[in-house]
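Here are two versions of the same chain, shown separately as structure tokens and labelled structure 1 and structure 2.
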Structure 1
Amino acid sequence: MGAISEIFKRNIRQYGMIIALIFISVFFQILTDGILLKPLNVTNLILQNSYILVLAIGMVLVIITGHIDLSVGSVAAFIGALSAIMMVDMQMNPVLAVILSLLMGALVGAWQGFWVAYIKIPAFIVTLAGMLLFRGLTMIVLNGQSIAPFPKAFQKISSGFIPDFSGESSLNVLTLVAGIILSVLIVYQEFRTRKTSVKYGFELPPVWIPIAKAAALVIVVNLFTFVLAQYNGIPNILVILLVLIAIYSFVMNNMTMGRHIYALGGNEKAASLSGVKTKRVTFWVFVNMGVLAALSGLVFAARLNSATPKAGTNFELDAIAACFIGGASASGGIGTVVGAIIGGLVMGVMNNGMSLVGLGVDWQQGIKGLVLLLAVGFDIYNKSKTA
């Protein structure tokens, strides 16, 4: 029991949010008479929250460095508008238009990163200016009107599914196979992690703890894929999200760049004295945020099948809330990609559940604000206890 207690204390925010996500899901599953976790609604949950989860992945890196980005919603709207002009008005190939849109997002991120990293203007001010600037540019580009429809191939980013090879089966076999493959990878990763710990002489928890962790993950993954298999299978956007989560988790946990981002957020002066090029790291974190904001704008435009002047409204607030609820610290240096995703799912399940039970938008906004306040308060309380 001591080992379990120690592990839980070290990861209390992330594990606490996992428990909260399970509790919230069960709570709304009961309140909605089982509608919340029906295959169609689970798929809708993924599609409805995909663009926020994409933003949360980039935002958590910005927050870990000790900064904030208020412009991502406006940037997403701006890039969505540019993509509409390229694909709808100019009849450009969707693949080329997507590449150009992501490059434009990188330029936007470089513009803001330059002012933050090299001119030393606080990120709050730079990105607040960016929020106003790119919202204005969106309205100018669209001339106050929506542009639609997008090509079918582009729409499939948000509305398409991975084709099944089983024909007319009642269950999507490919989705079930994907669940089994993921289960094997989870078990292999746990085995590999323990083997590496033994090799370098790290302190190990009792063997049953990683076994129980792997078993729980395998059960959750296979239940999830079984639910998806009962509808249309794996959405295309879910594949994109999983790839992003895997890449960014690897970068933050296993690469020098990730360690530099954590070091910068923990103590910028100490990181600089240790050889970390803090200005360059900050600059590239904002470039990365620009690319992911552009991707989020493309995903949202594809789902809406339209570029509108009001797109991206409050996206930045939802992404920031997801990061803080998922365990990121407002003072920087702490946070994980997986935690941001869990925080985003907590917000998404709450939004969906409250809508299903008929709560008005006013109540939904108030409850979400209270949850965010409690999450940050919980973080500060934990820090004061360990100080």
Structure 2
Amino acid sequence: MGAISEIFKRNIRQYGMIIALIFISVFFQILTDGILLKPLNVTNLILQNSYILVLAIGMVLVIITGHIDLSVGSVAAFIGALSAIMMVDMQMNPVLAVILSLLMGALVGAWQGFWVAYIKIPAFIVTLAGMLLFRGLTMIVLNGQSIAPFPKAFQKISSGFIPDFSGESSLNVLTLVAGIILSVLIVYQEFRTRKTSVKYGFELPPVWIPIAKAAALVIVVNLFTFVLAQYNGIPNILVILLVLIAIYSFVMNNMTMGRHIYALGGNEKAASLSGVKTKRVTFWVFVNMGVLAALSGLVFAARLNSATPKAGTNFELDAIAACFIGGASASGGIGTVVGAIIGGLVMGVMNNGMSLVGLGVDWQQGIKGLVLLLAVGFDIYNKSKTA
């Protein structure tokens, strides 16, 4: 028993948030008479929150380095506007336009990263300025008006689904197959971890722990795909999200780049004296944020099927809240990509659930604020208890 309580204690924040997510989901599931987890609504949940989750991935990296980015909402709007100009006004090929948009995002990120990393202006100020600057630019390039509609192919980013093998069945077969493939991968991964542990002669946890872990994951994955299969199957954006989560988790956990980001946020001076190129790392974290903000702007524009001057308003606050609910530390050095995603989902499910039961936006805002405060309060209480 000691082993699990130890594992649990070390990851209390993560597990705590997963439990909170389940609790909130069940709560609204009951309150909405089962509407929340209906296949249509689950699909909607993913589509509605995708652009915030994309931002949260970039934001958690920024927060881990000990900075913040207030400009992402404006940057998303700006890139959305540019993409509309390219695709709608200039009739550019959507693929080319998307690539150029992402590059523009990188440039925006490089601009901000330059001021933060090399000139050492606090990120709060640089990105506050960026928030105003890029909102202003958005309105200028759009002339204060919306641009629509986008080409069909572009809209598919946010509204399309992976096509099924056949259109016959009422259940989406491909989705179920994907669930099974994922399950196999999960089991294989657990097996491989155990095998390398044996190879390196590490102490092994009791056999039932990996089995229980894999079983829980397999059940969740297949339940999820089963629900999706009852509607249109796998949304394109879900694939993009999962790929991003996988890549960024891998970079943060397994690559030197990720290690350098954590070290920089934990203690910049010590990291620098250990040979971490702190300025360069900070710079690239902001470039990365710029690219993801651009992607988020594209996803949002595609979903809305128009670029508007007011797009992306308050996105930055939702993304930042997602990171902190997901266990990131405001002083840097602590946080995970998966945590930020879970934090984003907690917010998303609450938004959706509260809307379904007919709570007004006024109440929604207030309640979300309290949840953020309580989540971080719980975190700090936990830390002071274990310290």
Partner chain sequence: MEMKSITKTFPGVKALSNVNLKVKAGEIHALCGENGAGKSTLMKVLSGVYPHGTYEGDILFGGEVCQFKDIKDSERLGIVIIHQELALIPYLSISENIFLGNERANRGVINWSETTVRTKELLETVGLQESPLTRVSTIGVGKQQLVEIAKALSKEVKLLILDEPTAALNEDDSENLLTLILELKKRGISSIIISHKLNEIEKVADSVTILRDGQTIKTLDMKMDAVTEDVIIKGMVGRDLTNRYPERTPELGETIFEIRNWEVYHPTQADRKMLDQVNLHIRRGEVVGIAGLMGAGRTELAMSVFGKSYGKRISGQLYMHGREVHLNNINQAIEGGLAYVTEDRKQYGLILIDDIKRNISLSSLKKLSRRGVINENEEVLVAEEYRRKLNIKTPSILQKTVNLSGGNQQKVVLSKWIYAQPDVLILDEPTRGIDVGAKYEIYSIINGLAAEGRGVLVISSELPEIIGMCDRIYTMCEGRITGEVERQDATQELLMKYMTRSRG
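We call the rigid core whatever largest set of C-alpha positions still superposes within 1.5 Å between the two forms. Please note that residue numbering is based on structure 1, beginning with 1 at the start of its sequence. Every value quoted in this text rests on a predicted model; they were computed, and no experiment measured them.
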Give me a 1 or a 2 for the form predicted in complex with the partner chain.
2
After superposing the rigid core, is the C-alpha displacement of Leu242 2 Å or more between the two structures?
no
With the core lined up, does the C-alpha of Ile181 move 2 Å or more between the two structures?
no
Residue shift check between the two structures, rigid core fit, Leu223 Cα at least 2 Å
no
What Cα shift, in Å, does Leu204 show between the two structures once the core is superposed?
3.8
